[in-house]
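To begin, one chain is listed below as structure tokens, in the form predicted on its own.
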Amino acid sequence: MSEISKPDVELEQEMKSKIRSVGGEFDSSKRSASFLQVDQEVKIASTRFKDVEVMGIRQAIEKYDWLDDYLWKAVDRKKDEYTKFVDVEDVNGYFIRAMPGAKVEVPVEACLYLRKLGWKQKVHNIVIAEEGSELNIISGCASHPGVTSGMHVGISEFYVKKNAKITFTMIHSWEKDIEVRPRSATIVEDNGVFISNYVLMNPVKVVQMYPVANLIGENSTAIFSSIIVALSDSLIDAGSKVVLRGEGSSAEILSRTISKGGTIIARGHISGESPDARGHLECRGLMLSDDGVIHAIPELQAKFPNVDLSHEAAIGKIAEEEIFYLMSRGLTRDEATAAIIRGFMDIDIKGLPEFLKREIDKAISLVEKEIIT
């Protein structure tokens, strides 16, 4: 284990607390590498392992001529006004790369932090898992307490090479008047695996995201899972799409949504375009107030005869008989409600490392009381 570089950055206490709420563990043996961007400035870019590279995207572009082969290849730079907004010289973001054959089990952390009031943060991230490698990433995105307006627009492009694996866990914690519009896409080659987990449980003005995984390799796999809570006045339009182009490729999209006064549009789309492609989409919503909205939009598309696609969708409320049953076992009403909600948010994600399960559970616990009351 070698120390490539060591960050020497003093962070204010409020910032440290907010970063910890989204899985931040800077300068800790619990992380293989760390990246922190505040507004447009890279504050930390360090790694403890020689087999993983972490640096700002500008530095990576200067260092590697071949990076042009990856920039804007998964995401169309002309897709919409937000991709065009990011396609500028002063953009920043992270470059994360696992070397061929490297198994980076200890997670890399990457935090994108909005500090300045009214700031529009522009981010372009590139993540590459070279052939036979494995990357685990915790991405915490947050805004500073009291920052009542601002925007985060992030372009993320993931490249999973042959026999490689990326597990990407993104935890968001914004202030109630922040607008968030990520744009991301993934290309997965033969026998590659891409696992994406998304957790949002705090107030936010708008989140609009629709990541796409293109499975071009044989026996490639993508798993998207999300846990989303929309509190009052929040609008969350979130989903994911998987295109099954490689023979024997497979996908799973799992979402759990809870509305407590907010509006959620939960999207999911699996397109089977190759022989023996398989996919399952599961979307479940829970209503905790009379003024919330959940709109589930599951889509399955077959462009090849020999595909196996399925979906489940359900929206409802907590049944009183479930609460009464748990209360009869000695729980208070709040404890019974909490147990039901926690069970609802429990998603069995195949291939998710235990330490990432703990990070997701920690994020849920931090805002559990706010959901229940």
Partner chain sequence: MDILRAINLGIKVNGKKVLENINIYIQEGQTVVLFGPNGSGKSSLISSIIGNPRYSVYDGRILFKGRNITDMPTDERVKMGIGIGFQTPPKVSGVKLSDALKFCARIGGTEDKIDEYAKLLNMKSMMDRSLNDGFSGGEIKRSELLQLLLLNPDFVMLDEPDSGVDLENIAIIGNAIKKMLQRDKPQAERKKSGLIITHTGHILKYVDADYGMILHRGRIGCIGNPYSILDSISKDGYEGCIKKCLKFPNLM
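Numbering follows the first chain given and starts at 1. For clarity, every value in this text was computed on a predicted model and none was experimentally measured.
Keep in mind that the form predicted together with its partner chain is not shown, yet the notes after this line are about it.
- Within this chain, D51 is remote from the site of its partner chain in the predicted complex, having no heavy atom within 4.5 Å.
- In the predicted complex, its partner chain sits within 4.5 Å of a heavy atom of R329.
- Contact between Y64 and its partner chain in the predicted complex is not found at the 4.5 Å heavy atom cutoff.
- Using a 4.5 angstroms limit between non-hydrogen atoms, I340 touches its partner chain in the predicted complex.
- Stretch 329 to 337 is the contacting one of 40 to 48, 303 to 311, 329 to 337, 65 to 73, since its residues have non-hydrogen atoms within 4.5 Å of its partner chain in the predicted complex.
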